[in-house]
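Shown here is one chain on its own, the form predicted alone, set out as structure tokens.
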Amino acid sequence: MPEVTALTEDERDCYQEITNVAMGQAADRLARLLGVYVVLPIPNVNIIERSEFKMTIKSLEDAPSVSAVCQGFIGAGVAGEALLIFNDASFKDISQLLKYSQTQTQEEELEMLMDVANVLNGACIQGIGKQLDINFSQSHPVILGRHRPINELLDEKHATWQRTMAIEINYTIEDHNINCDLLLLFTEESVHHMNRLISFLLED
């Protein structure tokens, strides 16, 4: 199978459109959970090498420390993982919106992290799957790291892939200091299969 080194402009636009729908559904669920307005950006879609991985997370690179949750998904020949990275400065505002106490225990902070990850990861993954007619199975979310510099945290993420399609979505909350990045990483084999699936959409 030939390497996937780049996407055509039409393929990139199609993936952006599919992701826009999915992230809108995820943002709606987050807005209902927190009672806020979620600002949606245009998602970034790129084929990247493992060495370029850190460069994809522009919005959080200046954050002193971050926390991250990782969750795998698979279905119908497509596999990947969702990586949700929080700017730690967001925790105070999220805890207020979720009506947690000001002096959070580690368990409460972990529960809050998992709650938001489940909403964003699940809705986004299933939203993409629905449009491609794929029923994704999701693994349990796993804490990748907490309160760490982002470079240090990503250094410890021992990726097995050499090249991946990365879809980056940066969520911010209007009038609140809440900022998180959702990265959807698809294996190279999955991209071949997904490109065939979206070719039917591009023919319409």
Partner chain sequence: MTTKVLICDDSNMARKQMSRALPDNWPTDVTFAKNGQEAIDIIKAGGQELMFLDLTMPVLDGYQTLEAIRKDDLPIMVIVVSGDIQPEARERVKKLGAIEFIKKPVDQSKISSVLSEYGMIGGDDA
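If you're wondering where the values come from, they're calculated on a predicted model, not measured in any experiment. Numbering follows the first chain given and starts at 1.
Although not depicted, the form predicted in complex with the partner chain is the subject of the following passage.
Would Gly24, Ala27 and Ala31 all count as contacting the partner chain in the predicted complex, using a 4.5 Å heavy atom cut-off? The answer is yes; Gly24, Ala27 and Ala31 each reach the partner chain.
Does at least one non-hydrogen atom of Ile42 fall within 4.5 angstroms of the partner chain in the predicted complex? Yes - in the predicted complex, heavy atoms of Ile42 and the partner chain come within 4.5 Å of each other.
Determine whether any heavy atom of Glu188 comes within 4.5 Å of a heavy atom of the partner chain in the predicted complex, and answer yes or no. Result no; Glu188 lies far from the partner chain in the predicted complex.
With heavy atoms only and a cut-off of 4.5 Å, decide whether Leu182 touches the partner chain in the predicted complex. No, no contact at 4.5 Å.
4.5 Å heavy atom contact, Ile47 to the partner chain in the predicted complex: No, Ile47 sits far enough from the partner chain in the predicted complex that none of its heavy atoms falls within 4.5 Å.
Based on heavy atom distances of 4.5 Å or less, which listed stretch (142-150, 48-56, 31-39, 160-168) is in contact with the partner chain in the predicted complex? Of the options, only 31-39 has residues within 4.5 Å of the partner.
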